[in-house]
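Take a look at this single chain, the form predicted alone, given in structure tokens.
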Amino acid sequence: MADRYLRATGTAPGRFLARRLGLPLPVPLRRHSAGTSELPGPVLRLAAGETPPARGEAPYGGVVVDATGIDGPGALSGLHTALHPLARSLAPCGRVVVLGGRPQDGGFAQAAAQQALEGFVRSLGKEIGRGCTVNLVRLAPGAEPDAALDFLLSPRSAYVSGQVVEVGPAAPATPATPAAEPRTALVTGAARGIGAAVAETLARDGAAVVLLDVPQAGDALAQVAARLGGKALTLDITAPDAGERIAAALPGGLDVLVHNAGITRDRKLANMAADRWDAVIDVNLGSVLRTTAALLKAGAVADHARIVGTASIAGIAGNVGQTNYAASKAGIIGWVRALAADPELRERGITANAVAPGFIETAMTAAVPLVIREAGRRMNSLGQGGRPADVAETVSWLAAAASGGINGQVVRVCGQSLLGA
């Protein structure tokens, strides 16, 4: 559904009225497309404490501040020195990325100062405006920030702000799939919405996509698969033998596994029947654990594979009427963290991460009552809803071969929602 408010505030009368009434003034986001693959200006890189050079006529499209050396409260002034002169002069839809260390890698003063970066980044993200985003990349010893910076300093991350992503050393890349062959990616719940967008983006980025959905969505699934040159696989993900059937249908194994299938059965807990609870937990969480375990047992998950689960900000902040849904999505977060810590998977170079979408413009959110829908759109730092492509771009980043140092992370694709951390 079109965001009429965003369109109205794009006109001079609309902006004037919104300012007079103190209403949000969202900026149309610069998203990735064939014509907008770069930021709207050059990227400035400097260290915390370094005064930025005098700005020329063209504003910066992005700023990277290296704050890894901040080791105590006094050194935090370096953030002000580096970013105060730029806070109002960044180009619309620009990017700020702060590089930090891990709080656990130093003493008490270092831990305090590095944790302070998180509060700084999230606050700056809420005040910078003009469609700009602000994120923090924490680097473990020996880690390189390139894969994170490639994403966060691009239009692909248009709806990702206020996030903290930790990057560790990547396992040595010795993928089993020859470079000449595309990586095989399975996306569940791929007939429509976010799942279809994920499959499309992975295909755009060179993957051979396999799209899975329930038999009832077979026609829509076949159409999406045909458009992407992929393979359609219809089955009920909750079936006890779903994992074995998927493995049999993919004799060459998987390089990317994206668990996107999910349902809602909303009711307040006092009004929720047991079958509504059980259905959501089984589809959104139980089936994910069962099928992944079966695929790993069958040897269908390749070395250096990428596993991405779909969580939700409801699983982080909770939501009225969604105790079942929020529990299932919080479970996904716990699951990817456990997978990421598994010694055998780490040895094989397999990573597991999650995306946590906020208010995304889909057929489901279009059916939400008007007042609630508008609140969902505006209650984030960017003042608008996201698109399925925003989630898909983040999934594709986490699924990339170059993202081996990103493991056990939960990335909110929510425009820095005002709900949750």
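Heads up: residue numbers just count along the shown sequence, starting at 1. In this text the structure is predicted, and so the values were computed from the model without any measurement.
Another form exists, predicted together with a small molecule; not displayed. Remarks below refer to it.
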The small molecule isn't shown here, but in the predicted bound form which of Val209, Ile307, Ile194, Val134 has a heavy atom within 4.5 Å of it? Ile194
Please tell me which of Ala352, Ile360, Ala389, Ala67 lies within 4.5 Å of the small molecule in the predicted bound form, judged by heavy atoms. Ile360
Counting only non-hydrogen atoms, which stretch in 30-38, 48-56, 360-368, 377-385 is within 4.5 Å of the small molecule in the predicted bound form? 360-368
Is Gly101 near the small molecule? Define near as a heavy atom within 4.5 Å, in the predicted bound form. no
Would you please decide whether Lys329 lies within 4.5 angstroms of the small molecule in the predicted bound form, comparing each non-hydrogen atom pair? yes
4.5 Å heavy atom contact, Asp266 and the small molecule in the predicted bound form: no
Would Ser312 count as touching the small molecule in the predicted bound form under a 4.5 Å heavy atom rule? yes
